[in-house]
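Structure 1 and structure 2 below are two forms of the same protein chain, each written out on its own as structure tokens.
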Structure 1
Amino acid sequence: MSAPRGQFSSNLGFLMAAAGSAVGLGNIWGFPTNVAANGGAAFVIFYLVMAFLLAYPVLMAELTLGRHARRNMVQALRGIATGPVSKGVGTIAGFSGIVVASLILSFYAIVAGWMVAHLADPFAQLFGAGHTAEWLTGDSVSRNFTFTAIFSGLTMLIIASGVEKGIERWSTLLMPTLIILLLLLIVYVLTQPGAIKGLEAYLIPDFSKLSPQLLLSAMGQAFFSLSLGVGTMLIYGSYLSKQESLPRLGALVTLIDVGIAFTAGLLILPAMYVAQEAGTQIYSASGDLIAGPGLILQVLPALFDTMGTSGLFVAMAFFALMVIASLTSSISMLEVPVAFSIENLGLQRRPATLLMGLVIFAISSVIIFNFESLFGLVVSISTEYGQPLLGVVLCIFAGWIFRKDQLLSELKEGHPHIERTLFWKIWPWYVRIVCPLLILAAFVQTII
């Protein structure tokens, strides 16, 4: 039934694809926004702790299960199940992963659509198309629908080309571009008046803002940012050759993800204070720094407007950065249902991509037409509940259901002396006991 499986052609190809999945709006928008809302560097410190102590171990669970099974999440969990109960739980969790990945993509494509529209805006202005420019940056249903469709189409085009020619090729091209754009923008912003105040707000911790809520936001942010819980990293792991060391690649992906989030903070927070210096309001009525959509869609464009013609080019660079970051993530989300349709429903890749892409676009459309009531709800169900809970199930499968000798032999592939490493001494019991308990504890706290 199954078509021949794709595989990443190299270590670097996997690294770019997995880092591309991880690095997205979560890093360049979500992370700086959370920092702005939660006491600057105090949040940064918590985030680093969460990323390495909680997210990295879960990432390892996904990569290991995926490479072992060489199948999507449903098949992978069913495959290692030892009895009817674990098989049932595995099936439900696998399907839930597909549903949650699709829900995340359905709202992500809307936000990414805004980024595409804002990227088109400076071009419209350059060509003197004032009305079009207004439409592009105004918040209308027609604008949102059009640009979500464009972004979803791009995502589908890449996924239809397969693992090596689509995901790997585009990630390898786009990720270095993203890093160059990010660095250029930082250099530019840091030379503007007001930037240093922003650096201070970013890097000097305000520990008075510490709260359990902060811990929870840091955990949510780390899970979202590393694309965990929904089978994305699992399926990317399933395309990885047995010659690569999983702990090393997983650590590199985590480092790149955290590194780019941190670097994006060096751009966004200083840019806010530069905007303030130029006369833009950066505090909301309640006295907090503006976070959420207002930050990216109002504060920064207002800043670009004050820069005259050069502002148009800065705006292009900034929104190109956002579109690239979104695209390398959205393809990894779409791959989850597509891989399932290929492996379990026997579809070819192209029809599978078209089918799943259209279903998800239909969900996006429902959200667009009922934005007020649905957008926040879908974000919260998928990222605050779906991702952490599925993360717990993945830890349980990697830590309790997967036999330890199987785990060892999978990790030994590409890392023959794994038994002698600190990783092997700590990770197996850590993912078995500490991770699920920590995630559940944080989770219970949200509900209370």
Structure 2
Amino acid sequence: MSAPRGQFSSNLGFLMAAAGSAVGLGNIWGFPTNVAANGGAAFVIFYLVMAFLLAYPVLMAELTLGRHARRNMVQALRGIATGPVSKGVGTIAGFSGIVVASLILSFYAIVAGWMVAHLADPFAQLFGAGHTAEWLTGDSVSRNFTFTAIFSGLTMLIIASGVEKGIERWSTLLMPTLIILLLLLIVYVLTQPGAIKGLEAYLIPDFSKLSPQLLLSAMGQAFFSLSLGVGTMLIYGSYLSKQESLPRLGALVTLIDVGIAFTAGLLILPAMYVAQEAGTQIYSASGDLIAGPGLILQVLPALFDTMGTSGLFVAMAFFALMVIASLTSSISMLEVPVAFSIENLGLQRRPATLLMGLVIFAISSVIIFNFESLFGLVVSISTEYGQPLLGVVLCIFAGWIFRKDQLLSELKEGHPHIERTLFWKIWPWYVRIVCPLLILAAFVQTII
């Protein structure tokens, strides 16, 4: 017999969990550097538009399918299928979602492990453990394996505790902590020399850089930042009460996600220019702004080093922020295969968590021991191919296969007069036609 199904106990719990899933490492370093490389505020404007023209409608598709089915992605898509073909497609898409979510978590746990190691580094320095500090910040197989295991264990502990006592409780604790740390770091960094230049690079639009590529970059950032396409939001939707208004909650999640992404830009861009003022290189040899791991693990630690002892405490706060952002996203990804194991394999939550967690950690370990050949490949397969194609399938199921009367009935739960709203007049056809075309356009541009 499978474990009893969980449910979020409050709007706040769902919002913190869903926002936590959306707010991850990509928001903290990906969005700000995307902004800097694509015309500053010009990119921000297009990103905000795309968040509501693309990400919000697809988020609503996942939440609606999930709450209607109250099952994992495989059963949700099979449940609304109308014939053998759609049932087969739903089965394949559901299993693909589980595989893609697991692959994303397998490399995400490695990167998050780096953040945990860098969080431990200033403590080692404070206690005079120089050799340990070097090991923590060095790129070694033993370091990567150890801290991937630690981070994976933390994720498993939260998921094993269930929806209300695990996902909801920890998200409600971690998300406000993340926001407080982010704001404190912004206040500190903005007082440093060079910060105003970074603020100008972030907030002043450069419309000369407007191009179809900028639009597609903004579209991709908006879509991927909300954890769409792999069933995480579908699963979270399945834990929602029927009394909640899905359009309202979906809009709040989107607002929180873009708000935190924008706020992260107020930290990262000024911090980069503060680092440049202190003598650290922030542009590559080709003239491009340094992004990704190069930013987080080279540029910013170099900045912290110039601050003396106070830099150790700033580093602690910054990498605590990064670990929290990692953890709120990782728990949503692990919940995708765990929910399937509970509902389809009949496992209790704790053994299901242990089984799925260890399988994903095994994949992470294979990547660690074959890093050069596998890491980039897994990232590409899961995020560049898996997520957008699954996003298209979810739009097709919500727009074409889910019967319109059932769709309206589900949306009226918690929002009884929704058929009179502008949302109902636009969203059903929009998710049918516009969203799949936008996602496919971004997908084609990515692979070209």
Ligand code: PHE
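Residue 1 is the first residue of structure 1, and the numbers go on in sequence order from there. Rigid core: the largest C-alpha set superposing within 1.5 Å between the two forms. Being a predicted model, the structure only gives us computed values, none of them experimental.
Where the criterion is the form predicted in complex with ligand PHE, structure 1 meets it and its counterpart does not.
With the core superposed, Q213 shows a C-alpha displacement of at least 2 Å between structure 1 and structure 2.
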